[in-house]
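First, one chain by itself in structure tokens, the form predicted on its own.
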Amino acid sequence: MNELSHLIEDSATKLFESFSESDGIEKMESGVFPEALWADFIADGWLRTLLSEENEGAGLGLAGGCLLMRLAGYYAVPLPVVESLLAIYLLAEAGLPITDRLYSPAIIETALPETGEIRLNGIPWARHAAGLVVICSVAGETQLVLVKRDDYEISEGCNMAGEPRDDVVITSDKLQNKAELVGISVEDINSWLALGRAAQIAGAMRSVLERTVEYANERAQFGRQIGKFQAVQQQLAVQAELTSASICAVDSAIAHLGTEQEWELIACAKVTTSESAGIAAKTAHAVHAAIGFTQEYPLQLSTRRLWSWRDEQGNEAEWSARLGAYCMNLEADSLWCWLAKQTA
């Protein structure tokens, strides 16, 4: 762990630990935004983690933001950490005013209609946001529009973790005042959102593993701790292996930000974490048995997030297909060089 990682972890851990001891998750799942936690998050300056010092930010960039996102996953922070950090970063890159308000990014994948309604499904935290940072591609250029909360309609929904995932309707006349994002593509933004989810998954998997190992070493059955049984040890070993692989995949993607291999390593990270999440959650609940599913026991806070996040921003099948299509288009003698380059 380098100096940057230590700085972020030491500073954020204390704050996120206090979040986990609050009633923020219960409020969020009941439909109430945890304003007190958001205020603390803002007061500590974390919203501006990605911004440069010229924009009154921490200057830690996307790499520092991903480390914060991983900690948020570990502590099941009931705030839109990934969304808010990336939204304010995109506003800054577009040269728009920066405020400490909650915005959520929304990407339009299709061509913009000249008139009529645009429907976007599953936008995170849309009901609580001050507005949406809408991203679209126009004539090959990436455009950004800040749409205020009063200018879109929502149908409320949520994922399995109880996090808001709302369907949004925007009329095309609300998307006129566009700002250009120079040097940033829609694919870049999709990849960064996927990396943020992968980082959250890796953090949640670490929490699930620690809790499962602790429980296996405490719970006794047939006269000894269940962690002493070989069958349980084997399952825990696989869970630990997958957790380690997920953390390594995310670390590798973070290390390649800004390089030619950026999206490829992000794809590998999302494939690895999404595929591992299901197995890790299944193993944890098998070891915990019935208690793991109860509302009072905190395991379900992490496993419900694993089940939700693995499919968000592209699941393992979608990212695997994209990587596979890329490899199929390589020259026959280039495939090995490409594979070796990813592991260098």
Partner chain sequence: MQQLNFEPVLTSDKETALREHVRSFLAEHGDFPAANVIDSWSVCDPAFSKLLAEQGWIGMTWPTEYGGGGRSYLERYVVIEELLAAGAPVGAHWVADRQSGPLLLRFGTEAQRQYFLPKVTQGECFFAIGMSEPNSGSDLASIKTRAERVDGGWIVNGSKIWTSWAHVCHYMITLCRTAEPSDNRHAGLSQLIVDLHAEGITIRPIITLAGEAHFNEIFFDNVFVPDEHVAGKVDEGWSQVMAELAFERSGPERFLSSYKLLEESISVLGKMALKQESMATIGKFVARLMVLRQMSLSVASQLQDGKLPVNEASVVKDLGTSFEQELPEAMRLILSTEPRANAKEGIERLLSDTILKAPSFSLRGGTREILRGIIARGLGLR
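Because the structure is predicted, anything quoted here is derived from the model rather than measured. Residue numbers count along the first chain shown, from 1.
If you look for the form predicted in complex with its partner chain, you will not find it shown, but the lines that follow are about it.
A heavy atom within 4.5 Å of its partner chain in the model of the complex is found for exactly one of 40, 275, 29, 311: 275.
Put simply, of 147, 158, 108, 213 only one has a heavy atom within 4.5 Å of its partner chain in the model of the complex, and it is 213. Mapping the unseen interface onto this chain, residue 72 falls outside it, with no heavy atom inside 4.5 Å of its partner chain in the model of the complex.
Its partner chain is not shown here, and in the model of the complex it never comes within 4.5 Å of any heavy atom of residue 20. Proximity of residue 98 to its partner chain in the model of the complex: non-hydrogen atoms within 4.5 Å are absent; the residue sits far from the partner. Remark: residue 323 counts among the residues lining its partner chain in the model of the complex, judged by a heavy atom distance of 4.5 Å or less. None of 133-141, 229-237, 89-97, 114-122 except one has non-hydrogen atoms within 4.5 angstroms of its partner chain in the model of the complex; the exception is 229-237. Although the partner is absent from the chain shown here, none of 193, 286 and 289 has a heavy atom within 4.5 Å of its partner chain in the model of the complex. For the partner-free chain shown, 264, 265, 268, 271, 272, 275 of 261-275 come within 4.5 angstroms of its partner chain in the model of the complex, judged by any non-hydrogen atom.
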